[in-house]
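In structure tokens, one chain follows: the form predicted on its own.
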């Protein structure tokens, strides 16, 4: 594998094109990711949003090359990182990029951390394995990282075990491990799911600060629209393995043009008290083994018509909006301009 070229600020750091991921199950083959495409530029934060089962976490696993084997497999598309297609490179060479160039923070730090090793040892292992640090050098580097991610009394706690930390502190340790080797791309997969609201805000503030300090790109995967409202540059909405809407964060939040996005927005409580009740999306996400014909969202969609059952819409520009805003809906312009409440 040739050495990745230095990122050009005008070129994508990561370019995913028509990615398709399948899982073999006893019941049949599930297409978990179906034709997903997006770019991430240096220093940019892309949020990938969607309900459980939408394919957002599987997309991140495919990028990192950690799909569960043998069930999960990439069956199509390209994942180009700094000019190199990771899907055509030997696995051993791609593994060298993990941790050094690309890194990941998982949603459950307790299961991701080894319970029998002290946290300082687990952080320091990155330096010992990849940079040849001695044990004492790795320990000092671990303490410095623990201080940087806001763990109080880091020097006194470096020899503690994971179970001796709170959930928020464990997540900070996972962030320290992910940032140990100064990656250029960080993927955060539901990093605040198991945390209370106050700790969620603290972790997101930490991630945003570290991302800006390092100038790294970040992919933030979540089902919580509120988590990314103030931290993402662009957003990718996924439903049933496909991208249904994408654009700048403000465009998508203020001018939702897909019924799924609009439904998610309506289900968020408003702090100003203008609404006295939430409007949930009717129904449930589809069974990926038995997707409905046409648009996968049509059984739950208040805008659905005959064409939605017959034809799966392409991801096209929202013509009345400038910029990069796109939505996969036959009636995206109507959805954009319709302010009526649809229950």
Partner chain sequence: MGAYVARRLFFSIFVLWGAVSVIFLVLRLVPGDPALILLGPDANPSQIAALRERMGLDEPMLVQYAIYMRDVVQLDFGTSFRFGTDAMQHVLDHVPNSAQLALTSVGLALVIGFPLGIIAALKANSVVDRIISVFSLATQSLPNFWVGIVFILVFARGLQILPSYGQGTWQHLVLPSITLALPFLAILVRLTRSGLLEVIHEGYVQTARAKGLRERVVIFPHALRNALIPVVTVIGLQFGALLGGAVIVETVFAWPGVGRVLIESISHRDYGVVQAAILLIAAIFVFTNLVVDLLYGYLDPRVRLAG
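Just so you know, these numbers come straight off a predicted model, no measurement behind them. Numbering follows the first chain given and starts at 1.
Although not depicted, the form predicted in complex with the partner chain is the subject of the following passage.
- In plain terms, the part of the chain that comes close to the partner chain in the model of the complex, with a heavy atom within 4.5 Å, is 120-128 out of 149-157, 218-226, 120-128, 74-82.
- In the model of the complex, at least one heavy atom of residue 106 sits within 4.5 Å of the partner chain.
- Residue contact check for residue 134: none of its heavy atoms lie within 4.5 Å of the partner chain in the model of the complex.
- None of the heavy atoms of residue 31 is located within 4.5 Å of the partner chain in the model of the complex.
- Not displayed here, the partner chain is approached by residue 111 to within 4.5 Å at the level of heavy atoms in the model of the complex.
- Only one of 309, 316, 289, 66 lies close to the partner chain in the model of the complex, with a heavy atom inside 4.5 Å, and it is 66.
- Screening 256, 145, 174, 264 for any heavy atom within 4.5 Å of the partner chain in the model of the complex leaves a single hit, 174.
- Here the marked residues 17, 35 and 43 all miss the partner chain in the model of the complex; none has a heavy atom within 4.5 angstroms.
- Annotation for 26-49: no interface residues with the partner chain in the model of the complex [heavy atom within 4.5 Å].
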